[in-house]
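Below you will find one chain, with nothing else, as structure tokens; this is the form predicted alone, and questions on how it binds or moves follow later.
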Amino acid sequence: MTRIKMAGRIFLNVAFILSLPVMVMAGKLDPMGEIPHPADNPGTPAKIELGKKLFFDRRLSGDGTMSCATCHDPQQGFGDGLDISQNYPTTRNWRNAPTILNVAFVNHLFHDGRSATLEEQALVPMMSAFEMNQNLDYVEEEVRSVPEYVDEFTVVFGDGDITRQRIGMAIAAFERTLVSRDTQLDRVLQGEKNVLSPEAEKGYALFTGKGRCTQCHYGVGLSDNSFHALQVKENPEHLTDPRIAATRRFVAKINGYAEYRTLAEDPGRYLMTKSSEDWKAFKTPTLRDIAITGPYMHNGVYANLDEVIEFFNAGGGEGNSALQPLHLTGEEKQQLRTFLEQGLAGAPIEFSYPKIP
């Protein structure tokens, strides 16, 4: 802080103060630990295997063409590699499919945080008119009609009663096992030396320092589990595809937004809270395995990490109050990308596809 002495009095240089960046306390980084399971839904081996089968079972969609794995593909970092998530035939989704890697450490599900638990979240896409478009009463009867499933539900839950709640519990138990372990960052945080390459080491220093990444990306999941209005630009396709417009208006309508028919942008978390500060606010995503989970942002508008880094380096989108320019040099941007690609990449998950009954 500078001071100006005039006629024996000291004045604070207000202009100088206002030019300083707003500093937010950085969060603590934690290595990967044990997977948390809710007390009312422990992840037993039999339940996890049942959940895996349901996760890949196309019966859970209205026309039998989609499963949970359609949009959360093991070969695509448990996303789908598309800017806008896949959809039920003749409709269009309007948001990007987030990875479910490390979802066990997430407190709010979906980009707008509309579900508080994985058990609840697992059922929402099944019911969605533009996702799996299925009736949950019918799902219960479909699964109940399969003898192998009745036997497995009996083993897992003590009887063969197949309900939507138990379906959600089994799928959630499986999803919690999808954990990105043994990253270079984990090893550094556990005290191991000489883990990062020289370029990644410089990127790590930027990640925790000048780049201000740990102000929102911290903890085990590298996310503050909060929501921020960064003014990410609209995906141009959203503005021209009438099917996306229909989806946008539909979601706004069922969430009580009165002016849904003239809505031309994604309001984000506002539709859940109706709070003006949540207009176009979206959940902070995990950065674990970020190199394989693009495209990026809630609408997939950025195809690669270079574009994402440039967005944050510029201080976010026009009019946002959450970010300020970082003033990274070209070399520093490259170093930061190297750390994101190398330092946050987990060991391959040992995975085998289930046999669907």
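Numbers follow the displayed sequence, beginning with 1. Please read all numbers here as calculations on a predicted model, not as lab measurements.
The same protein also has a form predicted in complex with a small molecule, omitted here; what follows describes it.
Q: Which residue, 283, 176, 202, 166, is the contact with the small molecule in the predicted bound form, using a 4.5 Å heavy atom cutoff?
A: Filtering the options by heavy-atom distance leaves 283.
Q: Which one of 183, 93, 134, 235 is close to the small molecule in the predicted bound form, taking close to mean a heavy atom within 4.5 Å?
A: Here the answer is residue option 93.
Q: Although the small molecule is absent from this view, report whether residue 269 comes within 4.5 Å of it in the predicted bound form, heavy atoms only.
A: Residue 269: no, not in contact with the small molecule in the predicted bound form.
Q: Just to confirm, residue 228 within 4.5 Å of the small molecule in the predicted bound form by heavy atoms?
A: Residue 228: yes, in contact with the small molecule in the predicted bound form.
Q: At the 4.5 Å heavy atom threshold, is residue 29 in contact with the small molecule in the predicted bound form?
A: Because no heavy atom of residue 29 falls inside 4.5 Å of the small molecule in the predicted bound form, the answer is no.
Q: I'd like to check something about residue 247: if you look in the predicted bound form, is any of its heavy atoms closer than or equal to 4.5 Å to a heavy atom of the small molecule?
A: Heavy-atom contact with the small molecule at 4.5 Å: absent for residue 247.
Q: Within 4.5 Å of the small molecule in the predicted bound form, do we find a heavy atom from each of 66, 287 and 290?
A: Affirmative, all three are within 4.5 Å.
Q: Counting only non-hydrogen atoms, choose the one of 141-149, 252-260, 237-245, 207-215 that falls within 4.5 Å of the small molecule in the predicted bound form.
A: Within 4.5 Å of the partner lies stretch 207-215.
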